[in-house]
Structures are given as C-alpha cells and as structure tokens.
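First, one chain by itself: the form predicted on its own, in structure tokens.
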Amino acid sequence: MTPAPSPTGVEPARVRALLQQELATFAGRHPRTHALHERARESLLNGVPMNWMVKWAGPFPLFLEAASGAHATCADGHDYVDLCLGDTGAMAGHGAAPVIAAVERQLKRGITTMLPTEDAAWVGAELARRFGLPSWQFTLTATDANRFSLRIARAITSRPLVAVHEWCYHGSVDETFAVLDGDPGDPFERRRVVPRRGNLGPQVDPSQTTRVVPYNDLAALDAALRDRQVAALLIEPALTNVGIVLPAPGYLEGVREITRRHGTILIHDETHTICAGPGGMTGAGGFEPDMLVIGKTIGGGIPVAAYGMSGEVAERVKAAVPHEDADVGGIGGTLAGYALSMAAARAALGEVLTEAAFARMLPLAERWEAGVAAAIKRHAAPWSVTRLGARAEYHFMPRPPRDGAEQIAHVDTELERLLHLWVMNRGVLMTPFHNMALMSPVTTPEDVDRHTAAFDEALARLFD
C-alpha cells in the first residue's frame, strides 16, 4: 500500500532516516559538548539551566563558549552564524561595543541603588520618541512588564477580564496561556476558553480570567469586548511566537477602533515585533495603543524591559495609586530600573539599534526571505515564507497563515527538528521553537547565504 502523502509534501520515512543521520553527525562532531551535558545532568534538571533549552534539535543541547557579533563558538570549537540571537534578546548582536563600554563604566560607578539615574530619564525619553507614548516604567523582563500593565488596566477600568489572541505568547503571564476549544470553523460564540497545552500548573482556570479571540478576526474581537467586562486587550501587532502571522489590511486599525468603542485598554507587546523598525510595528504604522511593552532587545543583552502609557492612562494611574501604596500592589521589583540596565539600554538604543542599523538589517532579512523562497520554488515544496522587518520564517503550508490556529495545524515537529539540526550541522543556529531567523546590525550577506545554501541542500534531499 502506498503511504498517504504528508501535508508537508515530505515522506515521513525520509524525514526519519535523514534525522537519524544528522543526529549521528552532531554527536560525532561534539564530544566535549556531550561530556559537558553529562556533567550538567548531575546538578541541573535535564542537564540545562532552563528547561526550554532541551528544545534544541541535537541529541543533547549545544554548549557555547563564546558569542560575538552575529557568530557563536561551541565548546568543540565550531563556528556558527547565529540567526537565533537569544530569541531576540541579542538582536543588537552579541557584545556590541557601545553596550560593553557603557556597562563597564557603570560597573565602576554602582550597579544598583533603588534610585533613578540620568540614563533612566534618557531611555524614557527615547522610548517616548520611538513609540509615541509619554510615560514609562521599567522592569527586568517583558513578562513583568506585561503582568504589571494588565494589573494597571484592571485597576483603572474596574473590569475583571483580559483578552488575548489565540496562540499568543507574552512570556509567563498566567492569563495568556489560553486557547479556544472546538473546530476553528465553528462560530466564535460557541467556542470555550480552555487552558493551552503545556500550561503547567495554572493558578486559576483561564476561562475565569481571559477572553480569547482568533487573530485577524474583528467580528470575534467585537463580540468578546461588547459586554465591557474586558479591562485590556494584550496583543503582539503581528503574531511571532507561534510563527509569524501578519495582520490583514486594516486589521490593526479595526482593533484600535473596537477597543476604543468598548473602553478597553489596548496594549501592544513589541518585544519581538521591534524587528519591524526602531519603533516596532507601532512606530512604523503610526498606531496609537494605550500602553506598550518592550523587552529583551533594548538592553543589548542585559536584562531590562519597559512599559509605556498614554497621557490619559498615566493620569488615571496616578489617581488610582495613592502615594502610600507606591511600593506595594503587585507591581515592582528591587532591580527594576537599576542603574546597570539603564546604562545598557541607553547605549543599545542610542548607539546600536539605530535607524542606520535597521537600514542594514531589513535588506538582509529580505535576502534571507528571497533565498528561502527560491529554494522552495526550485524543489516544488508546498511551503511558504513570511517576513516581518528583520525577522523571517518559513511555514509548512503553501500560503502564509491567517491566524495562530492555522499555523499550529501545519506544525510538523519531526520535520522541523530535522531542518534545525541540518543547518546547525552546517554552521547555522536557528530559533529552536520555530523556523525563524533574525538579523542583527552585524549580520552579513555571507551569513545569510550560509543558511540559504544549507536550506537548499536539505530540500534537495527531501524532495528531489
């Protein structure tokens, strides 16, 4: 009997055979990394300092010894083009010279004092210029910035619920780990909110805290907000963590109109979509959210994040939080806005992630997109590729997805692992959780072409 064709167009048996070959190749090239992993297993859960590191494609995680610019070197001495870049945390490039210099200066002047610095005021003003929101606060992670923004929205609206896009990701914020049950083709009103797969030990049933709407569905959003019980809609302007899903024409404008009409605070999470330009998608499109979150990139590798708010929201916050309660209420952190992070952010924003840097990064992503698209066409693969600014990704479907559920429906974890491992064995690191590449200011055309050549070779083995 002839096996049924895979939706990806690739025979599963061929994928499994190639995967076994690549796993053996990786193991043979990384004896020292393997020894380090075995040692780490004695004291670290699964041999890694954070559990998502087990998602890298090899038989054991790659151990790195150094990273500089857009390259990294593993414990076995192999050089890699880094198109993962710390899953956006190192979008400025590893060890950007202005950030290192600023951090070294600040280390000698004091790391943390629980008091403001001139750098903090500069960073706030720069974020206001880029994103159009006048008032800012700082945290260590985008997760905290999202969490605090949701608390603020509930406090100033006196509403209990939040809303998110289906298959979104906003860090480890409890309310956001929710999806809709049933078939995506069912009427929105008949679908229930349920915990997302992998929602580990949820504190509260998300159906009690969260409304979930499909991306690119304005009718569903209007229905979700109509009873005026939703304090905030937290969104990425384009989905990225499930895979790149771009807004349909007019979608973000519709989101802004609906949230305003229903009195819901609109929060843009630009932590990944900052790849669209210096002001992220918000700045590029001239959008006007009520609040905005940005993390990872702005510290050049030093932990820092920020959340901004419109003048109206800022006034409502001042009225809702008495001076006596400024140090309580579930918002804050001893190291939030600490001096070292502010020095790093000033250098990263002022000297690294500049207009000129994005002018270099975006054409490189276009080059990556074109190389992948050409390989897909050459080998007649039923796949597609999507780009968002300096970030691009290929999908195992013939056209880009419209929403998160459509992207999830076309995931093939074994094929994805093979392709990640294939390019890693040929000197390229991709973001481990999906088929995504990110450009830095110091990525080169040769770096991009190394991936294109490896990807083309992989498709030749899969389809020809």
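All residue numbers are counted from 1 along the displayed sequence. The structure presented is a predicted model; accordingly, all values stated were derived computationally and were not measured.
Heads up, the form predicted in complex with a small molecule isn't pictured, but that's what we're talking about next.
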Note to self: Using a 4.5 angstroms cut-off on non-hydrogen atoms, would Tyr169 count as touching the small molecule in the predicted bound form?
What the structure shows: yes
Next item on the list: Decide whether Asp87 counts as a contact residue for the small molecule in the predicted bound form under a heavy atom distance cut-off of 4.5 Å.
Entry: yes
Checklist line | Distance check, Asn146 to the small molecule in the predicted bound form, heavy atom within 4.5 Å | finding: yes
Check: If you check in the predicted bound form, is Thr271 within 4.5 Å of the small molecule, heavy atoms only?
Finding: yes
Next item on the list: Name the single residue among Glu236, Glu393, Glu175, Asp82 that comes within 4.5 Å of the small molecule in the predicted bound form, judging by heavy atoms.
Entry: Glu236
Item checked: Listed residue (Ala142, Ala348, Val245, Val162) with a non-hydrogen atom within 4.5 angstroms of the small molecule in the predicted bound form -> Ala142
Next item on the list: Have a look at 279 to 287, 263 to 271, 126 to 134, 380 to 388 and name the one stretch with heavy atoms inside 4.5 Å of the small molecule in the predicted bound form.
Entry: 263 to 271
